[in-house]
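Coming up is one lone chain in structure tokens, specifically the form predicted alone.
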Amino acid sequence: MSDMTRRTFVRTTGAGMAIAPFIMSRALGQMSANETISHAVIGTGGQGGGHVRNFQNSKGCQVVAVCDVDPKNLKKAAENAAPNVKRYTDFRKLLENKSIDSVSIATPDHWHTPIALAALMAGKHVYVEKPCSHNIYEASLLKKAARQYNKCVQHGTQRRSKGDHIEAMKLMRQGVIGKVYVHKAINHQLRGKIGKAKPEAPPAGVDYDMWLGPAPKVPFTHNRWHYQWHWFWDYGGGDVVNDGIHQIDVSVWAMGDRYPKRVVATGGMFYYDDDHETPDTLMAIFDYDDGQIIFEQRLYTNYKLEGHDNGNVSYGTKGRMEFGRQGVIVYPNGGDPYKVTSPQPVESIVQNFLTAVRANDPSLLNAPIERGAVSSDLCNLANIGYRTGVADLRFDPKKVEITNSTDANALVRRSYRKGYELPYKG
């Protein structure tokens, strides 16, 4: 309900006394239990199209606006949203709409933080896809802005809202598999080669300059376009921030959402011989005083390795715990394996976000930006180690800098093209 609609309602019904508590609660950021959340989706490709459907089908929410620089995506998204949905090609115009309560961001990675910061400054709650940022410095700004504007910022690492994962973390902390010193995060799958694409004109109607945004201006190619942008450093960070972040996030969660004392990473372009800039193989060790996270990425394997698929294994002194597409299974030493189940229903990550938005309470979020930023940062640190060849990265999260390499520290942040600078300075 817009401010104008509420004022008209009070004036024409004489219900000022009755509705006054409602107006006051909304002014404080709270919403009534029966009020519909007005939501907008920015970036409506494959993942963003899912956002439109999920938010539109969620109780107490209506998708009232969609935004994309690709008219084909925009048309398809509008057809899946509420009737009379507003269409935008410029997110800045969308954010001027004061009737919108929350936004979700499913653009290419290099736009995640700039749009999220602008949305917070416009008074919107934010659901931002993983990774929350294109670089480590952006993640630090996003955490600051979320606190300053006191808005909900949910990170799209949805395993944090899976009941079996939540219960498994409780069991792990209770010592079901003993002391756990190693968590393995595994991303092995077959991602095909993309070949080499020649420059050409952008698709009709596409605002390519806006799509590039803060990234350097380069000719359009289809390999820099839908989904393939993941494999270019200017827009994404390869599969470690695309899919691997889900596995790394589970291990970070098990470690208590902490930063490691050092990061060792290595990899290579062994399988690809095409336009890929990001590696097909990446191995990283995140070293803590009391254990390790080991990340393994192989993008040329279309089979299970070591008996399990993409997921996690936590190794304890009394057994192991495996997280995968089939759920969570505990393998105790000397006992029969069993599947972990949740003792009670758990809200999906989207519904959890809407619950927190309705209460204007970031503490209700299952995947708040403070936790999501740790996982995003670890993925980016792995990439920095691979790109620079620095075998022992030391990162200070308070100073937001890599302290033992000037070359590596230069990749903690990026340069922004004129006209597309970050709207928030912290």
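Bear in mind the structure is a predicted one, so any value in this text is a computation, not a measurement. A residue's number is simply how far along the shown sequence it sits, counting from 1.
The discussion below concerns the form predicted in complex with a small molecule, not included here.
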| property | result |
| --- | --- |
| Candidate stretches 386-394, 368-376, 40-48, 353-361, one within 4.5 Å of the small molecule in the predicted bound form by heavy atom | 40-48 |
| The small molecule contact in the predicted bound form: residue 314, any heavy atom under 4.5 Å | no |
| 4.5 Å heavy atom contact, residue 169 to the small molecule in the predicted bound form | no |
| Distance check, residue 125 to the small molecule in the predicted bound form, heavy atom within 4.5 Å | no |
| Partner proximity in the predicted bound form: residue 134 to the small molecule, non-hydrogen atom cutoff 4.5 Å | no |
| Single option in 113, 251, 107, 104 placed near the small molecule in the predicted bound form, where near means a heavy atom within 4.5 Å | 107 |
| Candidate from 230, 184, 308, 276 lying within 4.5 Å of the small molecule in the predicted bound form - any heavy atom | 230 |
